[in-house]
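Given as structure tokens, the chain that follows is alone and in the form predicted alone.
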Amino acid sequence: MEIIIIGGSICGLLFGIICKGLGHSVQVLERWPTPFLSPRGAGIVLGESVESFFALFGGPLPLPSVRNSHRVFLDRRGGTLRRIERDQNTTSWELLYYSLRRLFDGLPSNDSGATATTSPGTSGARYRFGCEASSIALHEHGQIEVGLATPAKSTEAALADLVVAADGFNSTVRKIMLPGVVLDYAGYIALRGTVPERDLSDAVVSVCVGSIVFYNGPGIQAVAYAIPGPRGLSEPGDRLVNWVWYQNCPAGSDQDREMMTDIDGTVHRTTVPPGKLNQAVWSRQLRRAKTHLPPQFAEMMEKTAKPFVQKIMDAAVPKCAFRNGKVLLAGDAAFGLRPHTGSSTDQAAFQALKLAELLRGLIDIDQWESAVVHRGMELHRIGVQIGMECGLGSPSGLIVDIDSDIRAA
């Protein structure tokens, strides 16, 4: 089959690798204007579906990761409240992305010049960057016609037997297929960053390396874990520690406007990228961390060079298959999961592995859609529940002010 995948980030690549591996001709369309996506600076928890994907389609090179044997819950003073045994591996967004690019199209370099719009690729795989889907229609011969906007500001059309929309939270395809489904702001943000392990004190490293660490306070959740360093280095001192601090940020508030306005005065809708956070805003967050977070988190933040901010958004669809099963919504385009679940990447891998079953004739499109929707709805529910239990998002209308006095846990 001719398969078009809209979106060339992790979800799109997972689907692309599987479709290519099953012998289909695959074209990935990515709106980003350069051959490689910009670094996201975030960690990823590797769930069972991701592990299964790499076992089946990952090739001979293992994905660099850090093994965590426990979940540790801290009190406000940094002491251990409880410790739960649970094996989970963690990696970085960059390492996963580049590993998937190697598997899909051979990780080409941008030797073709600034005007290039496609990678050389490998047999059956083509990665087109700077190319955005603008329309989806059923062609007269039964294929799906995808309208494309290219870097030259021209438009063209491509035909496919199957289209997978992996174009993220702000999915163009979801808006076309389900215009009534809107992307909702959950009412809180994630302040995030990474810091080299070698820059941290032994007291922080002893807690945060080898464990996934949590702190839950009123209107607050903080999480930290180690990930491999640059080029996949995972020896002591070479790793990074990834941290995230969830905090309420009411829509339209002064805090909202301040957090989402970068150093150049640009107001961002959902993400202020690494290195762009306003210094005055960051300084206030560092002071708040010393008051409201365990000392381990305050130290990690103080030693972070390029923090960034993401708004927590919700998206959930009632169905994922359209046009007689020839157009599929996948990943965040279908279910924008809250990061508390640590399941966004694993959701995408699960959906892609179920597609492999569909393409092999082991299940039909109704079974694929049922499995995907059921899992997505459950993970979405869990994410909302975790947020509510931490006082985040305040669905009752009660906003917990992070500047208010918070007693030590």
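One rule holds for the numbers: they count along the sequence shown, beginning at 1. As the structure is a prediction and not an experimental result, all values here were calculated from the model.
Keep in mind that the form predicted together with a small molecule is not shown, yet the notes after this line are about it.
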For the spot marked by C11, R31 and T172, is every residue within 4.5 Å of the small molecule in the predicted complex through some heavy atom? yes
Selected contact from Q27, S344, S49, S370, since only one has a non-hydrogen atom within 4.5 angstroms of the small molecule in the predicted complex: S344
Note which of R338, H292, R239, R192 lies within 4.5 Å of the small molecule in the predicted complex, where distance is taken over heavy atoms; exactly one does. R192
With the partner left out here, check for me: in the predicted complex, does some heavy atom of A42 sit within 4.5 Å of the small molecule? yes
I'd like to check something about Y188: if you look in the predicted complex, is any of its heavy atoms closer than or equal to 4.5 Å to a heavy atom of the small molecule? no
Contact label in the predicted complex: Y215 to the small molecule, heavy atom within 4.5 Å: no
Please determine whether W282 contacts the small molecule in the predicted complex, using a 4.5 Å cut-off between heavy atoms. no
Of these, 259 to 267, 197 to 205, 80 to 88, 132 to 140, which stretch puts a heavy atom within 4.5 angstroms of the small molecule in the predicted complex? 132 to 140
